[in-house]
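This document opens with one chain alone, in structure tokens, the form predicted on its own.
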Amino acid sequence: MAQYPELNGRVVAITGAAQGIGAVAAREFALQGAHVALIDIAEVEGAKVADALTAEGCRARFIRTDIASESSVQSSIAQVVEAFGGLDVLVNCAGGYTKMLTIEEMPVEEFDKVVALNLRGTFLMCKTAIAPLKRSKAGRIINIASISGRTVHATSSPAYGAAKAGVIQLTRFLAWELGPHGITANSISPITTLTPRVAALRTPEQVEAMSASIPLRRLAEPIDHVNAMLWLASDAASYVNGVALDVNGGRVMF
């Protein structure tokens, strides 16, 4: 694992930190010495991750948040600043969908729900975090989009893909508007990642078939995306701004 000494003591807020990529990100940022706020609506799971990090001597705190609610997000960011004295890095990992539906099949309510979680939530977190990020000497926004926001996958949700495409463009606007304040904004577009949830939903044969379509011949693991997050948050990426970084093993190339 690459080491970024400059991350030691920086305050990092991570949404979707109760499980999957977000939980791995919380752990790896904490091991770099960052002060980590774990933001999620899943209280039991999120507190468990935070408690485990605290037991290892890391500085971590769980903050229950509904990222689709403006008042909840405002309270969350206020708690981060109060607990750690500021905010340096915002990582938006929260997102997803639960129903595989075509556009024709999809009720408006389902579309709105998916967009609220993946795009509205990212917008609210970024908007609310701008003020404390402006006070940072190394402000960073890292938004997790998806390969589904870069191209069409028959196995994905149209609402999810549209929302993640929106996240990529929102990130570009953030980069343009916040660059003069020394804040960078970049997005990462992961491919299907071998999290415990994904592994539980697929047989080894299905995983092998999915891997065969990727030039590197394996599914991504959470650490593949977290490595990109750590770099984007570091001083080494201080001039990288407005980038949509594809972390997909070469499955889609732009």
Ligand SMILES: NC(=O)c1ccc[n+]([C@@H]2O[C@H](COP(=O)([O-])OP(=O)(O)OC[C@H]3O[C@@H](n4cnc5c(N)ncnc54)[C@H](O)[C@@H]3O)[C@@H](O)[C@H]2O)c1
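Quick note: we count residues from 1 along the sequence shown, nothing fancier. None of the values given here were measured: they were computed from a predicted structure.
The form predicted in complex with the named molecule is left out here; the points below concern that form.
Chemist: So, in the predicted bound form, is residue 145 in contact with the named molecule at a 4.5 angstroms heavy atom limit?
Modeler: Yes, residue 145 lies within 4.5 Å of the named molecule in the predicted bound form.
Chemist: In the predicted bound form, does residue 66 have a heavy atom within 4.5 Å of the named molecule?
Modeler: Taking the distances in the predicted bound form, the answer for residue 66 is yes, it comes within 4.5 Å of the named molecule.
Chemist: Is residue 19 close to the named molecule in the predicted bound form, meaning a heavy atom pair under 4.5 Å apart or at it?
Modeler: Close contact exists here: in the predicted bound form, residue 19 approaches the named molecule to within 4.5 Å, heavy atoms only.
Chemist: Even though the named molecule is not shown here, does residue 96 get within 4.5 Å of it in the predicted bound form, heavy atoms only?
Modeler: Judged by the heavy-atom cut-off of 4.5 Å, residue 96 is in contact with the named molecule in the predicted bound form.
Chemist: Select, from the options 174 to 182, 75 to 83, 157 to 165, 131 to 139, the stretch whose residues sit within 4.5 angstroms of the named molecule in the predicted bound form by heavy atom distance.
Modeler: This holds for exactly one stretch, 157 to 165.
Chemist: Here the chain is shown alone; which of 52, 42, 31, 223 has a heavy atom within 4.5 Å of the named molecule in the predicted bound form?
Modeler: Checked against the cut-off, the match is 42.
Chemist: Looking at the named molecule in the predicted bound form, do all three of 169, 248 and 252 come within 4.5 Å of it through at least one heavy atom?
Modeler: Looking in the predicted bound form, the three residues 169, 248 and 252 all stay beyond 4.5 Å of the named molecule (heavy atoms).
Chemist: For the heavy atom contacts within 4.5 Å of the named molecule in the predicted bound form, list the residues of 224 to 254 involved, in sequence order.
Modeler: Nothing in this stretch is in contact.
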